[in-house]
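Next up is one chain by itself, shown in structure tokens, the form predicted alone.
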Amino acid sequence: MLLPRGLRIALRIASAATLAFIYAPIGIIVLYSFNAARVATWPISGLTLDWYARALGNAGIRNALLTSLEAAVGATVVALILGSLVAFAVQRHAFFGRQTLSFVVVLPLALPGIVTGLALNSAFRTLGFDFGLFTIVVGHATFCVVVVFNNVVARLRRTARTAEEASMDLGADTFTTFRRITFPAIRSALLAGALLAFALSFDEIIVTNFTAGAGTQTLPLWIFTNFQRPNNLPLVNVAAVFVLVLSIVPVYVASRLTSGTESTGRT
């Protein structure tokens, strides 16, 4: 049904206003990262790439970026293993408490980050763990498992078991059937889940603040620490652009991989 012209115009204006409300602040940060002046003034007096060169030469930013990458990769690996195993258990087997298990796995993503961080901090202290990269990885993995689980479960629900049963009827063992039939069917879902888990871990700050310890700093933590220092504001803007790029690109690729096929679980 063709909508009235006035309603179409109103919907377009509302859509444009919504997009501007969401993305205009992000665009301002990106623009300020090229600002020639040290202070954030509007209108911008000039553009420069000097702050990017200084950021790449800053030891604090480089170390924080490396820590963020290591934590994100570690959390992604843990999430891939645990999320896939739980997804297969829930989708391919019937047992008492299956729905409860699904709820428990998804719950960490819905909990407030400050509650999760405080709980993990208390648990690590009770168990005697030293805070550092390991505790960050464990903390991030608790909610990264969710996106892998959701993607794999969604794909398994859409994958008929007839091909697997035919493979085993023809003499293939479980490992061969998984390698030739099951894994190719869920491969894109695993990759999408891994990309989303990486992005979710890379830009996380609340749980990280409770699990990092004094000597470990991720890039979001570096931004939070230096935001109130006027001399570092241009470098903070550049670091924010780094976080944006390394978070948006995996999410975009994951959305292309799973377009119209399964839930990403990203909230």
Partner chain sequence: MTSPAQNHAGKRLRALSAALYRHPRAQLGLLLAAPLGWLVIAYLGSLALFLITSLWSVDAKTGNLVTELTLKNYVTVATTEVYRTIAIRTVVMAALVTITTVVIAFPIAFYMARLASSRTRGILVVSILLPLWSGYLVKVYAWRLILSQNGVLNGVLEPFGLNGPGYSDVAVWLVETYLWLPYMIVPIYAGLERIPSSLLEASSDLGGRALLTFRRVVLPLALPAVLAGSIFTFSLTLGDYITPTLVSNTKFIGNVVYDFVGVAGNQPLAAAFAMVPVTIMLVYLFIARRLGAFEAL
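Note that the structure is a prediction, hence the values are computed from the model and not measured. Positions refer to the first chain, counted from 1.
Absent from the display: the form predicted in complex with the partner chain. The rest refers to it.
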query: Ser15, Val78 and Leu120 each touching the partner chain in the predicted complex (heavy atom, 4.5 Å); finding: yes
query: Residue among Ile181, Leu190, Leu156, Val86 with a heavy atom within 4.5 Å of the partner chain in the predicted complex; finding: Val86
query: Contact of Thr126 with the partner chain in the predicted complex (heavy atom, 4.5 Å); finding: yes
query: Contact flag, Ser68 vs the partner chain in the predicted complex, heavy atom cut 4.5 Å; finding: no
query: Partner proximity in the predicted complex: Phe34 to the partner chain, non-hydrogen atom cutoff 4.5 Å; finding: no
query: Residue contact check: Gln217 to the partner chain in the predicted complex, 4.5 Å heavy atom; finding: no
query: Residues from 195 to 221 in contact with the partner chain (non-hydrogen atom within 4.5 Å) in the predicted complex; finding: Leu196, Leu200, Asp203, Ile205, Ile206, Asn209, Phe210, Pro220
